[in-house]
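Below, in structure tokens: the form predicted on its own, a single chain.
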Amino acid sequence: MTVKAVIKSEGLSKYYGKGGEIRAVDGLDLEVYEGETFGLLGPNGSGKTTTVRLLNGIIKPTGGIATVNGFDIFIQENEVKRITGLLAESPGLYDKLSGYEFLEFMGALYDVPEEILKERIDELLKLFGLHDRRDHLIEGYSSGMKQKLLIAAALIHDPPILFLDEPTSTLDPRASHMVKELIEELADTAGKTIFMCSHLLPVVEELCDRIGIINNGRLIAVGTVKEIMAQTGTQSLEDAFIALTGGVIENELLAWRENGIASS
């Protein structure tokens, strides 16, 4: 059985500066397959968020080509946005709206028919455990509740492809665990293709079928965790990451692990 690649890029690049000396993404060749959870892993500033923004048609590439579900990100960015859901790294929320009103607003932006929208909002609020707080202002939501609401907003138009940029990095261990369970459920029961970015190795290792490691804008490894460990001759993803990026474990990663241990 042939597996369909729903995200494809060849030589995808984004340069900044007068002479293009800042290479945020540099010659990205990548395929992500239908129904898989793919994780893009890298240090802060490695090009993860720029990659997501490129693939969602938010910014224009400097060079290369890419398609998302067959749509060209250069010339069909509106079509791309209609078949993808995006949880941005630094999303905005309207704190003076209720959870229901926010989802209603997001559904209107995607032209979800009114007769479908109300039912879908109810379904998502129940799925994410927010139905009892549907009429409460978002300003009173916890960090975990806000993150779940943002994921619900990314799903409001029922896209086949979901992009999640650092979905757990700002959350405490309890809320992080909650969001990870939701991502697993979306992949296992809803059949979504999920493209997730993170600099937290344990999150990516736990959730993703395959991973890519990006550093200084260049994709330096792609495969399963076992394949990448075999490629680097290491015994853990952490050691493989260090071997490939030539860096040390980041403070954020260590803090995440310590918090996880403290809460267990």
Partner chain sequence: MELPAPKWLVVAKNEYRVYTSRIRGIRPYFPYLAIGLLAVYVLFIAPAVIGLFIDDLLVFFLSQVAIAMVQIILFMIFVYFTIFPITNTLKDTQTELLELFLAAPIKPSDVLLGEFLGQMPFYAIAVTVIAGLFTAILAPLGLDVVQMAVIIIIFAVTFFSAQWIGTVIAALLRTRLGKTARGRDIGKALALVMALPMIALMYSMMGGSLLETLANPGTSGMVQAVLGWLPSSWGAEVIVGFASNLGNISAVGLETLTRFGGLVVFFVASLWLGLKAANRAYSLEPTTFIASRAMPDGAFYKIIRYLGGGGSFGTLLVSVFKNYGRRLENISKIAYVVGLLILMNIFLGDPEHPQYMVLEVAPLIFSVLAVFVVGEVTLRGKEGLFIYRKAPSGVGRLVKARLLHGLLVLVPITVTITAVRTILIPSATLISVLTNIGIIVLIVAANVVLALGLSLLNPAFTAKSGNFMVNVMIVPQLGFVILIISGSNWGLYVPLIWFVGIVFLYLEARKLRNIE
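None of these values were measured; they are calculated from a predicted model. Numbering follows the first chain given and starts at 1.
Keep in mind that the form predicted together with its partner chain is not shown, yet the notes after this line are about it.
Here is the short version: of L137, M145, L127, M178, the single residue with a heavy atom within 4.5 Å of its partner chain in the predicted bound form is L137. A single residue from the set E104, D172, D122, E184 has any heavy atom within 4.5 angstroms of its partner chain in the predicted bound form; that residue is E104.
Heavy atoms of Q76 never reach within 4.5 Å of its partner chain in the predicted bound form, leaving it off the interface. Using a 4.5 angstroms threshold between heavy atoms, I59 counts as touching its partner chain in the predicted bound form. Among heavy atoms of K192, none comes within 4.5 Å of its partner chain in the predicted bound form.
Among heavy atoms of Y141, none comes within 4.5 Å of its partner chain in the predicted bound form. Within 4.5 Å of its partner chain in the predicted bound form, a heavy atom is found for not a single one of G11, E34 and K48. With contact defined as any non-hydrogen atom lying within 4.5 angstroms of its partner chain in the predicted bound form, the contacting residues in 6-22 are K14, Y16, G17, I22, given in sequence order.
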